[in-house]
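Only one chain is included here, represented as structure tokens and corresponding to the form predicted on its own.
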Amino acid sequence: MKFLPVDEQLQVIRRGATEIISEDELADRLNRSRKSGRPLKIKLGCDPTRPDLHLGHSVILRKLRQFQDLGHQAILIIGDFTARIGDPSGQNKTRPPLSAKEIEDNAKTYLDQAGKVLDREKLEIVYNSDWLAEMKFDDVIRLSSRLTVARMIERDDFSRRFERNEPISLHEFLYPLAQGQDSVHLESDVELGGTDQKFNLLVGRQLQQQDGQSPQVCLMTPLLVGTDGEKKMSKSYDNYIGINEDPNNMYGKVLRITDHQIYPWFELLTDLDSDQLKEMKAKVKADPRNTKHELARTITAIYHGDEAAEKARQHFEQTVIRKEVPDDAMELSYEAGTTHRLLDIIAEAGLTSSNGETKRLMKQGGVSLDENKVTDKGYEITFEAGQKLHLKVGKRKFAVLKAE
């Protein structure tokens, strides 16, 4: 296979990477790969601990896609075995184990969503239970002897918990060893991970070296800051944008980010080349408002296509800027003279996921009828003949209530 010159490959690989250990080793491997025509093995592990992916997850998936586009072998490890342990990275307490059924269901959903970023036809998918589940207890003991307790406590999350006298279960020490064993089994050339994965990636490098292999290059990408502009993107912080989010929500949520996030999001979440990124940096400074709209349209188009992105832009302008009810708002008909609780109307229309969410939105002023906020969870409507009411739930959901 013919690869791009090493300098050109490195230019792509460096984009959005916070640290490469080490870049000299990576350049050497790329050079040897180019001479031999053998693609490098690029490893990315993912534990299916949750069913939904968000744009924060896409940062590392996009890095793996870049290696695919450069002609290298992308290997996605579904950590169906390590998910039983639970990755302690960044955790303040021990994670509860998942059932086999939960892991299986999450893995399927993960692959469906990851396929929106990766080239599935060129992707090697493996499950680490294929080799980790075959290990016997004496194998685990020998593997455990490779690292000291002092080395484990070097991890930020472990050291913090240790200092606070918070519980650390022994099985959590096995997670980095299991992830490192993945690298040994696959003989990976490069492993990808977020900055919170640095310790685990370095353990893999150490185990390979002890096993007589060339130690893998470790490449870390940043943790994407969420829409609140402060914390890392996470469902727990409610500052996330799901990969499967509908176009209108995706477009609108991108517009919630702070101005200083616009350029980093262009760099980490889009396909703009280096020259386009330079132009974008200047545009962000000169006109952040319109550049943010350009970012929203670009990201929405990546996951839903140009037509859906354009419709999402028009929907935002109509509903938020001009405060109009969208043309495609659902219509709900009720018999004149009947009385219905607004909470039930919203639930039956599926405008929220639960009554709890509806009550929360009402309390926060996020539900309105004809632009009048409704905060009373017991609010009722008695419909009169010919009456038409415009219902808004949250920022982007609408319905027209008609009496017949």
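What we label the rigid core is the largest C-alpha set whose atoms superpose within 1.5 Å from one form to the other. In case it trips you up, residue 1 is the first one in the sequence shown, and so on. Predicted model, so just to flag it, every value in this text is computed and none were measured.
Absent from the display: the form predicted in complex with the RNA. The rest refers to it.
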{"item": "Option touching the RNA, based on a heavy atom within 4.5 Å in the predicted bound form, out of 286, 133, 125, 255", "value": "255"}
{"item": "One residue of 365, 350, 337, 37 in contact with the RNA, assessed in the predicted bound form (non-hydrogen atom, 4.5 angstroms)", "value": "365"}
{"item": "Option from 41-49, 56-64, 23-31, 373-381 whose residues, in the predicted bound form, bring a heavy atom within 4.5 Å of the RNA", "value": "373-381"}
{"item": "Contact label in the predicted bound form: residue 249 to the RNA, heavy atom within 4.5 Å", "value": "yes"}
{"item": "Residue contact check: residue 361 to the RNA in the predicted bound form, 4.5 Å heavy atom", "value": "yes"}
{"item": "Contact of residue 316 with the RNA in the predicted bound form (heavy atom, 4.5 Å)", "value": "yes"}
{"item": "Residue 100 within 4.5 Å of the RNA in the predicted bound form, heavy atoms", "value": "no"}
{"item": "The RNA in the predicted bound form: contacted by all of 147, 180 and 305, heavy atom 4.5 Å", "value": "no"}
{"item": "Residues of stretch 335-353 in contact with the RNA in the predicted bound form (4.5 Å, non-hydrogen atom)", "value": "341, 343"}
{"item": "Shift of residue 395 between this form and the one not shown at or above 2 Å (CA, core fit)", "value": "yes"}
{"item": "After fitting the core, residue 19 CA displacement of 2 Å or more between this form and the one not shown", "value": "no"}
{"item": "Shift of residue 376 between this form and the one not shown at or above 2 Å (CA, core fit)", "value": "yes"}
